[in-house]
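Read on for two forms of one protein chain; each stands alone as structure tokens, with the labels structure 1 and structure 2.
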Structure 1
């Protein structure tokens, strides 16, 4: 059992008075390259990180679920067969959604349980604590009912919970990264075929996260708006270029250039981001395989630039960190990670310079935005798993 699962077991016993019969763990994720490409059927390099969510449960002996969040110290009850949704205990909506969709998809009638969730992912950092929760809960609830969803099944169930219970029309990146992570490797995913493979890291490098702790308002509606623009652009290209265009994944930079004048400029700019990102991810995989940290880092900076100019999903706080990283010795590259509009940047750095780089970023951030941050290293880690029973 990892440390978090041990804490989970203690909290579960303290709150529910029994040992958890099932425990699952799922990590958060960091998006390394490939921003807003997942729902455009494109490519992403990501990693599961060394912090996550643990979920424990025991049969309640009735049709009722009693859910407990050890982090928020809140609890709530709902019927297993109709978990519904809660406006006051929103943390519980991910479990409710996962339970409802798992039941629906696998056609079993659910039993009630005593559930506990606990996490060590910084909240609001853009490291996908919600996807980790969905996956950990899905694994534990499936094991409890003796059903065996495939990893992709679980990923889709988590995504559906996000769409219908949290209102964010996300792709599958967060759930797939949490499930398929591998220690000391990146996960390279093709979001059309859903083929996943791992890619190694250049020796002596590490990933540093700097969390702005900023969450600009309307993030969810901005996200959904970006997705809609991308779909409008894909529909335009399908009209003018024919059937070979199924998604923005099929549009090249040359196609974009050729249609700069005829597509609405606002939609054009949105499309330019994932199209450029897809090309960067493919180049990036080759550079990593050649051990070229400098070349890969340049692509990370380009990615951030593209977010700023085309997708407008950055913000001044993220820009300060990336601009500082650009001139800090030992940083190969940096960019915003995840949806954007706040959250974190990720930097590829020389491992032995981590402490000095962290201080430089924190100093520049405090000077520009008046509050302290504490950058930290994340280690690419193994994906989600059932911990009990083994």
Structure 2
């Protein structure tokens, strides 16, 4: 993080000719347990990671914002009062949206600024660089204007920017994880109440990410089908079990089994995944608090099996990596991370065996699928913060 903020300061001086007066940093995130539970008002365990986005700014002395991406080496200007969207410089829409909604939410007249963004999150690994950018920008712009949004307020501003300026209908998991992360800990979020707390990891453990670089077709339609089936299941249980059922979060595994013969089999299978995931997350919290890495790892393997059988959001490439991890010394557990249908797996490992585990996963993957991957270690890290001024 310190090296990234130093790079940010250099790029800001090089492009804008002045030092940044404000610098903020926000980490990316990885989902550890609780797959497709957020929109079912359930529970998720995630982690902020040790790479992210730094954002710096200085007053422009006018009503104009001049934004620069050091990663893309692109710049664009927009009026602070009406930042609008850009079809040609889409990377800037996250900053534009955050500025617009922060202004709207807190009711101030925005001043123009010179902004620079830079990141070190691995591209295409599903580690949410977009949310990190939104949060880093939000912290810097809020400090520049002397306003203090609460963390959840800032998370919602980032989400709204992503919905309405970037066109991505994300949940709040990414922004919450980036804001509430803590070193060597997981972020436990209740997506009904939005209560958030952290749970420590057992000493000597970390996470290995292995990115397949695969994204299968029809992902949007597949996602929509699964969400619809979950909503249909929740509506069914509300009819038969009464007002205590507000979402799938309120349905137990025993409820599911008791009604297996009454539900459409496709709806039952889809519902089984988030219902099982919610129970796994709660068990996982208890296991982490007891320092039981092996027990927690077994839940990760169970989660992936549920993805394969019930939700069908895995794919052969992800399955190869998880099955290899299952028999690799030093791996406690592994599962797909994120929406599925491609992307990455995350494995809970013994930190000092990371290099050997990475080689084993990469070798098995290349043998099975014909191309190389480069697994990399991530450590749960502290959440977003303002660096300058201190």
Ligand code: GLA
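We call the rigid core the largest set of C-alpha positions that still match within 1.5 Å between the two forms. Numbering follows the first chain given and starts at 1. Every value quoted in this text rests on a predicted model; they were computed, and no experiment measured them.
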Only one is the form predicted alone; which?
2
Superposing on the rigid core, does the Cα of residue 234 end up 2 Å or more away between structure 1 and structure 2?
yes
Establish whether a shift of 2 Å or more occurs at the C-alpha of residue 243 between structure 1 and structure 2, with the two forms superposed on the rigid core.
yes
Determine, after fitting the two forms on their core, whether residue 358 shows a C-alpha shift of 2 Å or more between structure 1 and structure 2.
no
Taking the rigid core as fixed, quantify in angstrom how much the C-alpha of residue 270 shifts between structure 1 and structure 2.
3.5
